[in-house]
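As a starting point, one isolated chain is supplied in structure tokens, in the form predicted alone.
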């Protein structure tokens, strides 16, 4: 499969393995502290310069400032930190976007896509900001400068030459603003399709499906203030110290108020052991705050048997003493409790404990904490969603909350921690591949055209359609699609089968090298940059992980005078495709974002008064937050009987989960260190239990290949160092995107079609 892809323009889909001088240290016992501040400032100063870095960091996540281009963790509703409302990874994200380095036409004259493809993703990302629209013509190997007018003409012409609108794929990254995403979705529906794959398909789609079916809304139900008021917070399948560092401040506040934290994860991550808050001077001179009260080191994707064992024990206490379950809530607000309890009572407790791999005494400690608690919040991320049974993993969490009456109350509820900074907002304003009937009617009423109503392709479906020749144009509003998706070589071949690929981007990435016959790069403004039109500054809006919509206004001079904002780019694509006489005033709305917000308010429920409230921010309606389940069958929240996963592992197989290092955000690689796990100057590592190493005659830093085989197809990831680590036997962990080559395109979560990136069956072959 590798050779099949590489023959097209001879580019490397995955960077060739290169030794970088690995160094191992003991894993860290705490997160943040002075080292976090030091690393954050080093990154920012190196990329931006000292004065510019300090001035800009003080504006990030502040009121009247700009939203962090990294994760979607919410800002405090009230007082913001005067020292800076950002974390180490937020500073790194800003540094990447606001770098002074440039990728201009001279860069592309000097380097062909073949040469760039030999670089690591880290090297590619460090090249700098894109400055001009660029085109890679059919048969050519170097991008060339092109005018905006010609670029839009090519897009419109090729879209209109398709046999059907459904031959075009329109992808969206979570970095885009609400205004850009709404205009993009409107254009796509006016063009005649719902082929709107979104980065959500690859991460929290399982959460959205599970929560919609059980609680009536595909979002979490808690606010940041709820986290401070909870009795217990369960952090499941999540590593906030690396992925959402500002969450640690909220957990510290919970602990200081007497709350408890239960952590469920295959790895004992530093950020949930102890936290030294860089905002608190006393933490510099103390050990910080111990966060986790009970750590349950579950085997990969054995969260359901663990949760069942906990609920089984709680149910025994309920039968013995009462007052464990919230019977009034269960009776008045839920359905299917009897069938759920009947199934729970039929479980074999010892088999559940054995399967999850957690010591029973630790489970008992967690049960002691949960038994008297009412205000319980369960937080989770990809560790629960990216499995074959990802939807049921979430539903089992909901079952526990329903038993305790912990939904729809202050300090209790669901908390899926979203990744990219506006991935939830994209969905709220219309980036969905299955159209909403009411919103479609509203679009027709407001704009005068009938939007496409046929379900479109999700991410997996889009890749398969391009691979099979059913789709011929791929347009991406942000993102780095090839490394982010599953089955890297298959995905690359899919894009190379296209007639045209278009990337709306701030920086160079590997997807720009894995091009269709013709490829366009359209450079756009970053979140941190000023957005002017006719001398007036514009602002956009985003939605955080807890459902609050708020303004974001960049402060930096744009990296190039030739950049366009995302709404401007989308509007010009629409005009070039649909004509200047189209019923939607595309350019007028792109010129004045308040017009876009006004139309969103007319079409999408919950956005009423959008322009009036955008600056101060507002929460979107959330039925689960107020305990209203009227949208569901019988008007009640739904208990679910969930199956215990069965991976059927062979003697020589392991279960591999893909993870981030501390020096990356999604596919953006900030550096080559993972200091919390003690790995420096290398990314091609596989974390393995020392007992498994001994059994397989492996020593520390030996080289191995990883092989996955599904449906007769072998996939290989070559040259990984073995690193001994505290991980359950039979389990492995390695960084993505390097190991995404092992994730089969046709294996995904039931119901959500999210790739199984956290539970891939692999073999280990010593070099």
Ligand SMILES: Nc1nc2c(c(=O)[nH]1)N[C@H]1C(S)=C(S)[C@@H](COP(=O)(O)OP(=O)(O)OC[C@H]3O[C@@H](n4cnc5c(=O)[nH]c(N)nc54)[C@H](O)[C@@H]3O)O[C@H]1N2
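Residue numbers count along the first chain shown, from 1. Just so it is clear, the structure is predicted and the values come from calculations on it, not from any experiment.
There is another form of the same protein, the form predicted together with the ligand; it is not shown, and what comes next is about it.
Among the residues 576, 120, 99, 667, the one placing a heavy atom within 4.5 Å of the ligand in the predicted complex is 667. This chain lacks the partner; the member of 624, 685, 559, 504 within 4.5 angstroms of the ligand in the predicted complex by a non-hydrogen atom is 504. Contact between residue 547 and the ligand in the predicted complex is not found at the 4.5 Å heavy atom cutoff. In the predicted complex, residue 387 approaches the ligand with a heavy atom inside 4.5 Å. Although the partner is absent here, residue 674 lies well away from the ligand in the predicted complex, with no heavy atom inside 4.5 Å. The shortest heavy atom separation between residue 175 and the ligand in the predicted complex is within 4.5 Å. The stretch that touches the ligand in the predicted complex, counting heavy atoms within 4.5 Å, is 654-662, out of 576-584, 221-229, 654-662, 319-327. Taking the ligand as positioned in the predicted complex, the residues of 181-210 that bring a heavy atom within 4.5 Å of it are, in sequence order, 199, 202, 203.
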